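In structure tokens, the next block holds one chain alone, the form predicted alone.
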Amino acid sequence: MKPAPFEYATPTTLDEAVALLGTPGARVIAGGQSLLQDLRWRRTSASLLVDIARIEELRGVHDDGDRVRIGARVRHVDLERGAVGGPLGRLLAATARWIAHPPVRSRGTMVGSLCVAHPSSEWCGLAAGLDATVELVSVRRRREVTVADFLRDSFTPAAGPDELATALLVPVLPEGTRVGVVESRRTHASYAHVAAVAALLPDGGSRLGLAGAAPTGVRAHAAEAALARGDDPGAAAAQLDADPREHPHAPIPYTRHVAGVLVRRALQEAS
């Protein structure tokens, strides 16, 4: 099957791009690893594709000491190869290695993955677990939205049709933070069934994120509280943080069980 006809634009500035997004039916394309498949199979349509690949303002990673700003053109492979330093960089690199396979990682982008809002997206689980923020720009305004609010539901990001997600802003993890990420999937390079991300902070706190265990990526607050009390964080994650939907290959009780197991394994990897 081939996509329905559409127009194609390659703006070179952010102002050009957001102006084009005022066109009814316009869609943004960055890496295109999800959108092009959906267009091909006509699961979605577009009157205009706005390709942001030439916009220099959306390149690169910037660390202001409190947050790392990851631009919309930063690819999975950039993070895998160490574009970010410190404990956060190690966690991002370890997470990127779980994503699909090298050809996808060489083109797909972190921010693009967040905008797809796939429930099994490793980046959605990580961003939710670390309380990251999405930067959105349109001709009307520039705003920041927490990932918890941005991921409204499966495949439903809280961005208007004329808004461009320009960056993800991730809090810096302090030196001494120990990190771990684990995943369960049916086959190599397939979507995660469940993924768990853990960061153990030097002050004794923790940040835990889950993907595939709920309609969106989530921060595992109950598991963090259980860990602080000395209780089983895996049981708390399975019973309280996980909110799975029926899956063709996994009933809900099994997905809950896997979420609990992977939280324990991510913490072990981080210890």
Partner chain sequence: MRGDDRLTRGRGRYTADLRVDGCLEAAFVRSPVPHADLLGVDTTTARTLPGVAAILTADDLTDVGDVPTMFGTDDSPPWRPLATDRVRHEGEAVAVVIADDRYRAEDAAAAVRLDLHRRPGHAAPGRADRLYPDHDDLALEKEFGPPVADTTWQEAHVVIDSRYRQQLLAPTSLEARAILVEPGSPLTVHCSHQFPHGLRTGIAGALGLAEDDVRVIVPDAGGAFGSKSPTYPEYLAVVAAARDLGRPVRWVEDRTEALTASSRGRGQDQHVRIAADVDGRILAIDLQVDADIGAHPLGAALPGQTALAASEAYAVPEVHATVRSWFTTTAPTYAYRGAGRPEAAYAVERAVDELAAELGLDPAELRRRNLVRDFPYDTPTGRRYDSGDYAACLDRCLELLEPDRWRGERERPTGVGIACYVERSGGEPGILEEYGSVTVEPAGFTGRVGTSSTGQPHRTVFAQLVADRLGVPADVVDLVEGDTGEVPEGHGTFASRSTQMGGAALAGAADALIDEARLQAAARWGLSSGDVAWDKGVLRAGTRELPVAELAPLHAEHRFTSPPAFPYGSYGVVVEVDPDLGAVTLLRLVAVDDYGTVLDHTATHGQTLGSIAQGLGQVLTEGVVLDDEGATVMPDGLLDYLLPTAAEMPRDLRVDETAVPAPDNPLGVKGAGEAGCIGVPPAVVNAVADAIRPLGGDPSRLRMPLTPSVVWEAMQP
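Residue numbers count along the first chain shown, from 1. Keep in mind the model is a prediction, meaning the values are calculated, not measured.
Keep in mind the form predicted together with the partner chain is missing from the figure; the text below concerns it.
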Using a 4.5 Å heavy atom cut-off, which stretch among 36-44, 62-70, 228-236, 209-217 contacts the partner chain in the predicted bound form? 36-44
Though only this chain appears here, would residue 21 touch the partner chain in the predicted bound form if you measure heavy atom gaps against 4.5 Å? no
Given that the partner is absent here, does residue 14 sit within 4.5 Å of the partner chain in the predicted bound form, heavy atoms only? no
Answer with yes or no whether residue 191 is in contact with the partner chain in the predicted bound form, where contact means some heavy atom within 4.5 Å. yes
May I ask you to state whether residue 184 is within 4.5 Å of the partner chain in the predicted bound form, using heavy atom distances? yes
Within 4.5 Å of the partner chain in the predicted bound form: residues from 235-271 (heavy atom criterion): 248, 249, 250, 251, 254, 257, 258, 261, 262, 265
